[in-house]
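So this first bit is one chain, no partners, the form predicted on its own, shown in structure tokens.
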């Protein structure tokens, strides 16, 4: 057995909250080789239009050997590898921190994931608790392509109120100096005629609010197909009969898929944001269900320069995903403020070209 693996076998019905202990490590089973079919299905489910994932000539002009797989498709598949061990019995996935996109992934690459428990905290109800994990994903060459922290509410088999807790100190951000940018990347090759927009790093201002014009209704079949694509087998997404007995009374749409739909909607207004570099933090503030209609607002938080690069910069953005409301009717929502329409509040950074004469 790999010495990184958990020393006892996984129960067939998954782990519950009291089974987790800080310091335990998992090497998750079932590595996944991704192909062009996965990329095409992802576009079919999300409508994603980021050009570098759609056009091989454009991707090669930027310095890629082929179209890289969408950053969020890679994240969801790597995340899906962890579900059987971490969140099979989840009540809800709650949030993320320190998410770093470290290397491009291409069709034909194989992903495998590993996790370590870094914190546990029982809920006051005693019926569940929050498990904190740090996960990493590798390709077939053991190149680390992604790492992230997440916390998830997991059901318990007995009353766990009063159990000793350890809540980890979570990083507030991924510093701009640590964002991964491939040396061979040529961002100035990003053609506005291909992207549909000409705005570059210099054209955005901190505090700017972008209400993206589109909306997307989450269909039941699409939500289910997406979780199958990601192999995210958490019961709360798959089992309608079982979900009827939960406080929500129905299945939840996987929160990561909500991120993908909002990212797809944001193309109009962020046409040249060609890669996600990091997710600093984020929460799924309220659940999303089938037939909810999503819209997306972005607030520009900062423009960050990158070390030794004058051709590319990072935009730090706050993504607000909202359901069943027109953005014109959504007030300004302060960081940390709850609003019943806001289902997603994500702090992340994207890469975008800088003007050549800047």
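None of these values were measured; they are calculated from a predicted model. Numbering follows the first chain given and starts at 1.
There is another form of the same protein, the form predicted together with a further copy of the same chain; it is not shown, and what comes next is about it.
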Please check if residue 127 has a heavy atom lying within 4.5 Å of any heavy atom of a further copy of the same chain in the model of the complex.
-> no
Report whether the minimum heavy atom distance between residue 284 and a further copy of the same chain in the model of the complex is within 4.5 Å.
-> no
Should residue 238 be classed as touching a further copy of the same chain in the model of the complex when contacts are defined as heavy atoms within 4.5 Å?
-> yes
Would residue 114 sit within 4.5 Å of a further copy of the same chain in the model of the complex, counting heavy atoms only?
-> no
Please state whether every one of the three residues 49, 220 and 229 places a non-hydrogen atom within 4.5 angstroms of a further copy of the same chain in the model of the complex.
-> yes
Work out which of 330, 43, 66, 302 lies within 4.5 Å of a further copy of the same chain in the model of the complex, going by heavy atoms.
-> 43
Interface check vs a further copy of the same chain in the model of the complex: of 161, 180, 167, 194, the one with a heavy atom inside 4.5 Å is 194
In the model of the complex, segment of 94-102, 150-158, 114-122, 268-276 with a heavy atom within 4.5 Å of a further copy of the same chain | 268-276
Taking heavy atoms and a 4.5 Å limit, what residues of 92-120 are near a further copy of the same chain in the model of the complex?
-> 110
